[in-house]
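Taking the form predicted on its own, here's one chain by itself in structure tokens.
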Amino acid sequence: MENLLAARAQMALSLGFHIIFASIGMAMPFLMAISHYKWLRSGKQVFFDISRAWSRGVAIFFATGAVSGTALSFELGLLWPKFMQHAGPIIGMPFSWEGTAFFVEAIALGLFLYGRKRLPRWIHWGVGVVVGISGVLSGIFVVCANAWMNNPAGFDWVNGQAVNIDPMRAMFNPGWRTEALHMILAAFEATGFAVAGIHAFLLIRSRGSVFHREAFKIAMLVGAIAALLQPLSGDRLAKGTAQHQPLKLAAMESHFETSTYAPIIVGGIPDKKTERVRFGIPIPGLLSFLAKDDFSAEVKGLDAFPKDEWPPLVPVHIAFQIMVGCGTALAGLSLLFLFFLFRNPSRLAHKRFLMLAVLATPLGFLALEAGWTVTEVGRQPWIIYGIMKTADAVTPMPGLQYPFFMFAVIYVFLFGVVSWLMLRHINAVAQDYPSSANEDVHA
């Protein structure tokens, strides 16, 4: 048990760190490309400088994500050898395609960074778009593998062995579309609001900065669009979860009893002993509608499953509440932003609105981390849902707590260094740029 907890803690730490940089790697190149496109169309210096600043940020996050992703690939084999023994032949394809997308992204990023004065302007912009597309594809391939763990497909399990393996069916399992879409939107939402929040903070400090004003608007628009699309994606994902992982859905909502007109529980703390949610606010029928588009539909509760297969209820339920709460707040802020953008643009520079954007800076990534907690912890005790338990896949190697503490120190240090470098870089570029600049660029 000690070995299992140490291995899970190690993976949670590594995934929690890597997902931040992987998400930024998916969304940030598109922010860069949008600003670059606006420069090509308008010729305004500010958009060129924003694109240049963000491109260097993309390089920093790409390097950090590559390092943390490499560590994860080693951990999969070292911490979960039995899982990789069986899963490797089945889901090796998306990992190999992810590697291909990663190399394309690296090449395109190099061409974008060093080809500014060597490539034709529109080809140079197109290379930047390729950076974003390959980053998104890389994320999709990884999510396909994770979706397979939640929705095993493409093989028959006979006497503890996988036979009749179909890698394509495994990769494009029943859950890959909804999980991939939800993850991509989450990456754009989290990155958009984080970048917008940073520029909002710097705009409060430098009220006349055209650089921060335009950067804020671009990032905020991207984050707002993703935030408003995310509830639609979440609805489709919830229906897929109800069909393929009803136990996880029951744990997310702490739905103890199978019932019709099943309620959604807002807030509260689930109590496994009494099988009740303390301090929760039930909304009757809403869970039935969420799961099956019918307010009166029957939804399976935790009582329909053996108790030894229940996931940890408190972290799953609370993480789900955090994810929904943060997403709701960002959707509300998005509506306010779009209202101001089209009806009263001057309000976007008001200090109170900028402070709201600053306060929203971490919410996207908080929702992202909470969502992955729901996905991974909600699948427990299975590493391959319904096929292999996590306890049966862990390595017998002792002393796993020591690498956990070592990686914790390294990740905290790297996170601090990267954050400092990014703020220093954005400040340096903005300070070199005159607040009232609006001249054309012929670089």
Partner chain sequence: MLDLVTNQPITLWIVIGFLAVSLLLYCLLGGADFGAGVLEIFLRKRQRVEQHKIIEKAMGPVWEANHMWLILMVVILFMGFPEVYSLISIHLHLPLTAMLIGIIARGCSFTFRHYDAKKGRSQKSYAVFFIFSSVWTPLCLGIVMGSLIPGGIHPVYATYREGFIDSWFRPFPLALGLFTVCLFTFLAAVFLIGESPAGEIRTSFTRRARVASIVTVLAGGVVFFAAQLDDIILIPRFLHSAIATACMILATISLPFFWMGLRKEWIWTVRSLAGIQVVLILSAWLWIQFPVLVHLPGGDLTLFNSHAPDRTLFQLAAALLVGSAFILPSLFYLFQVFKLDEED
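Quick caveat, the model's predicted, so the values are computed rather than measured. Positions refer to the first chain, counted from 1.
This protein has a second form, the form predicted in complex with the partner chain, left out of what is shown; the following refers to that one.
J.: Suppose contact means a heavy atom within 4.5 Å; in the predicted bound form, does that hold for all of Ile218, Arg278 and Ala329 with the partner chain?
T.: No: none of Ile218, Arg278 and Ala329 comes within 4.5 Å of the partner chain in the predicted bound form.
J.: Tell me, which of Thr258, Gln85, Ser206, Gln243 has a heavy atom within 4.5 angstroms of the partner chain in the predicted bound form?
T.: Only one listed residue qualifies here, and that residue is Gln85.
J.: Please tell me which of Asp166, Glu298, Asp303, Glu309 lies within 4.5 Å of the partner chain in the predicted bound form, judged by heavy atoms.
T.: Only one option qualifies, and that one is Asp166.
J.: Counting only non-hydrogen atoms, which stretch in 93-101, 368-376, 177-185, 263-271 is within 4.5 Å of the partner chain in the predicted bound form?
T.: Checking each option against the 4.5 Å cut-off leaves 93-101.
J.: Find out whether any non-hydrogen atom of Thr395 is located within 4.5 angstroms of the partner chain in the predicted bound form, and reply yes or no.
T.: Flag for Thr395 set to yes.
J.: I'd like to know if Met388 sits close to the partner chain in the predicted bound form, meaning any non-hydrogen atom pair within 4.5 angstroms.
T.: Close contact is absent here: in the predicted bound form, Met388 is far from the partner chain, nothing within 4.5 Å, heavy atoms only.
J.: Taking the shortest heavy atom distance, is Val409 within 4.5 Å of the partner chain in the predicted bound form?
T.: No, Val409 sits far enough from the partner chain in the predicted bound form that none of its heavy atoms falls within 4.5 Å.
J.: Does Gln45 reach the partner chain in the predicted bound form, with heavy atoms at most 4.5 Å apart?
T.: Heavy-atom contact with the partner chain at 4.5 Å: absent for Gln45.
J.: Within 4.5 Å of the partner chain in the predicted bound form, counting any non-hydrogen atom, which residues from 109-129 show up?
T.: Result: Leu109, Gly110, Leu111, Leu113, Tyr114, Gly115, Arg118, Leu119, Ile123.
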